[in-house]
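Single chain ahead, by itself, as structure tokens, in the form predicted on its own.
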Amino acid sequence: MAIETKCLSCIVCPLSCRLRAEIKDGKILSVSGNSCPRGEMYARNELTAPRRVFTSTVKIKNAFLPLLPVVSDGSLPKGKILDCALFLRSIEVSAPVRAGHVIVPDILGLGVNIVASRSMD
């Protein structure tokens, strides 16, 4: 099988390095174009098991706004983001809530918590 080349833009830091990965038979042979080791790690992860930090909102009662912004405290598998969003539609919390408070522990058994990203009285 021929060597396939994939190009990516690194999103780990503000440099946004243009990465080039060479792949053969589904195996990453090399990564180039990165200015730091984090770029190589990003490319390898992105091509094998992409993950994302997730931000959303949940309903909140007794607060001055109807929605509370939330964020994952770690990265989630990219393919599970929609499932997490659908699950959060069923969540409603009551004020007061402090930033960093765990709203959903271990969402969908993925080992990542959903936490409040702002306080609301």
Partner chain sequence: MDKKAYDVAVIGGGPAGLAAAKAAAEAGAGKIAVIERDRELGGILQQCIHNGFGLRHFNEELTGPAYAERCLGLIKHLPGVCFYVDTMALAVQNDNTVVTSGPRGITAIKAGSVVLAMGCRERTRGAIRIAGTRPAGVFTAGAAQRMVNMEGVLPGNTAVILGSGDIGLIMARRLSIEGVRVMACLEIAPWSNGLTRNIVQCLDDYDIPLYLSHTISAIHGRDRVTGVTCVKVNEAFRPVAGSEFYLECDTVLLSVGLIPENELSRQMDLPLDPLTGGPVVDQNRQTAHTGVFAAGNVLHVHDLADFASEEGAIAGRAAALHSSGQLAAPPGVLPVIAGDGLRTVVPQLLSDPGGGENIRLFVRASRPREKVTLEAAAGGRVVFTRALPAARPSEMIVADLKTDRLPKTADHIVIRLT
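Quick caveat: nothing in here was measured; it's all calculated off a predicted structure. Residue numbers count along the first chain shown, from 1.
Missing here is the form predicted in complex with its partner chain; even so, the following discussion is about that form.
- Just one of Ile103, Ile107, Leu19, Val12 comes within 4.5 Å of its partner chain in the predicted complex, counting any heavy atom, and that one is Val12.
- Among residues of the shown chain, Pro66 is one whose heavy atoms approach its partner chain to within 4.5 Å in the predicted complex.
- By the criterion of a heavy atom within 4.5 Å, Val71 is counted among the residues contacting its partner chain in the predicted complex.
- Residue contact check for Ala85: one or more of its heavy atoms lie within 4.5 Å of its partner chain in the predicted complex.
- For Ala49, no non-hydrogen atom is located within 4.5 Å of its partner chain in the predicted complex, even though that partner is not displayed.
- Contacts between 86-107 and its partner chain, taken as any heavy atom within 4.5 Å in the predicted complex, involve Arg89, Ala99.
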